[in-house]
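One chain comes next, on its own, written out as structure tokens in the form predicted alone.
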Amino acid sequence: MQPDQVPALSAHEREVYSWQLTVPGHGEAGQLALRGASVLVSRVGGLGSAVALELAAAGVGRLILAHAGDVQPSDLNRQLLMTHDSIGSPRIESVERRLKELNPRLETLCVAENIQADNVEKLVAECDLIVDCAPLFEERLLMNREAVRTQTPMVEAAMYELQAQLTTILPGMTPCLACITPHSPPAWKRRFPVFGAVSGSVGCMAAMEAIKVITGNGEPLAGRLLTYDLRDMSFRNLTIQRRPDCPVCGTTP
């Protein structure tokens, strides 16, 4: 669809997004960019639920959501899109229901699978931007490889205990995940210590990174890694470099 054919915001949309429409540099053009965007969120758990919730609230038009399994009692300390009455039911059903309650205009493609080799290409092809929220590095590295191959921007967010980190990968311009973590740490497991407030904090910032990339308003963490520890509220913003010998995005033959 050509820019002059994009439907203007409705009166209802202007009211819903009235507070953010006045953010300098955003306005109706930025809101239309959000409405026209498709974002893939890989796992919609403690981290991804906060990302999806904030993107739906901000007016992103389409979310592709991938998460397998049923809701467990242990999900409820941090997975904001899961509810007690959904225990035993597919997580992705609770996710879709909660997001549509917030934003009935939202289009969703909900997949009751985690990212794996046989679906990553199809799911990335559906989106303009990825937010990587998977707990396992095998999933993250699959997403990273496909993001680099297709030149799809990817927001990379992670947390552990009271610590978190965040960067935005712009393929061909910034380091990719394999430049930072080329292999899955051997001792890493799916279950690890974390408070929901920690995953929520980095999830909200990851959503903001996605919004900045989509709208072009603001400076994303491209080539920078934000790390922080909420135990003492210490924050670091580190410059990171591409590795010429990176097996995914490197330039060395």
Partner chain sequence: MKLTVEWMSQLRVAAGSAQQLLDCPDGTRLTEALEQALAELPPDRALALRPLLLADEGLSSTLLIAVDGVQVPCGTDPELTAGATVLLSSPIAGG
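Numbering follows the first chain given and starts at 1. Because the structure is a prediction, the values reported are computed rather than measured.
What comes next is about the form predicted together with its partner chain, which is not displayed.
- Each of 165, 225 and 236 places at least one heavy atom within 4.5 Å of its partner chain in the predicted complex.
- Residue heavy atoms within 4.5 Å of its partner chain in the predicted complex occur in exactly one stretch of 83 to 91, 97 to 105, 135 to 143, 113 to 121, and that stretch is 135 to 143.
- In the predicted complex, its partner chain sits within 4.5 Å of a heavy atom of residue 46.
- Residue contact check for residue 241: one or more of its heavy atoms lie within 4.5 Å of its partner chain in the predicted complex.
- Put simply, residue 182 is close to its partner chain in the predicted complex: some heavy atom of it is within 4.5 Å.
- Contact between residue 158 and its partner chain in the predicted complex is found at the 4.5 Å heavy atom cutoff.
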